[in-house]
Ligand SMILES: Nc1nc2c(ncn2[C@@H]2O[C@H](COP(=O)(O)OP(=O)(O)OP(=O)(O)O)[C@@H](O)[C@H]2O)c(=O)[nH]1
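A single chain comes next, written as structure tokens; it is the form predicted on its own.
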């Protein structure tokens, strides 16, 4: 019986990473998927694809991750990757104010053209370079709050919060999409009522 429950609760979720060149998108994905970090990561050309599965609460989420190129010349390809995406991580470099301004533009673009139920995260990357910080945590957190994104600061180099951002997205996904299993939805939304939901509906 457990096996059928797991199969029933497996969600495929397309996730796209957007942001300026050099913000650390590829490094975040490599850290999450392979546990690796390369000091000199080559720029992505077009987009790169990865997949990774996470178990969250009573569901399994299989992420289909599209890591897009940050160079301006690839911008026109971006809609091809974020169209139909269940989630997006918009990445900026905390030591680079321009990359933060660019991240805001990505947020605006997704709000206009993306999926209205998309789970969006704003990631301030490179917290290992705190002494060179140009974008304050408070400013980015306030911006994320105003725009319905959740905000987290990460370091692909030291792996701080990298897994957390993907787990948080996975936890939010069942709420954003119509769940096939109402009991599961109650468990995700209101853990306190989880036991009642389980006993009434089992």
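This structure is a prediction, so every number in the text was calculated from the model and none was measured. Residue numbers count along the first chain shown, from 1.
The form predicted together with the named molecule exists for this protein as well; it is not shown, and the discussion that follows is about that form.
Of the heavy atoms in residue 126, some are within 4.5 Å of the named molecule in the model of the complex.
Taking the partner from the other structure, the named molecule in the model of the complex has no heavy atom within 4.5 Å of any heavy atom of residue 15.
By the criterion of a heavy atom within 4.5 Å, residue 69 is counted among the residues contacting the named molecule in the model of the complex. Among heavy atoms of residue 157, some come within 4.5 Å of the named molecule in the model of the complex. Note that among 164 to 172, 50 to 58, 135 to 143, 34 to 42, the stretch whose heavy atoms approach the named molecule to within 4.5 Å in the model of the complex is 34 to 42. Contacts of stretch 73 to 99 with the named molecule in the model of the complex, defined by any heavy atom lying within 4.5 Å, are made by none of its residues.
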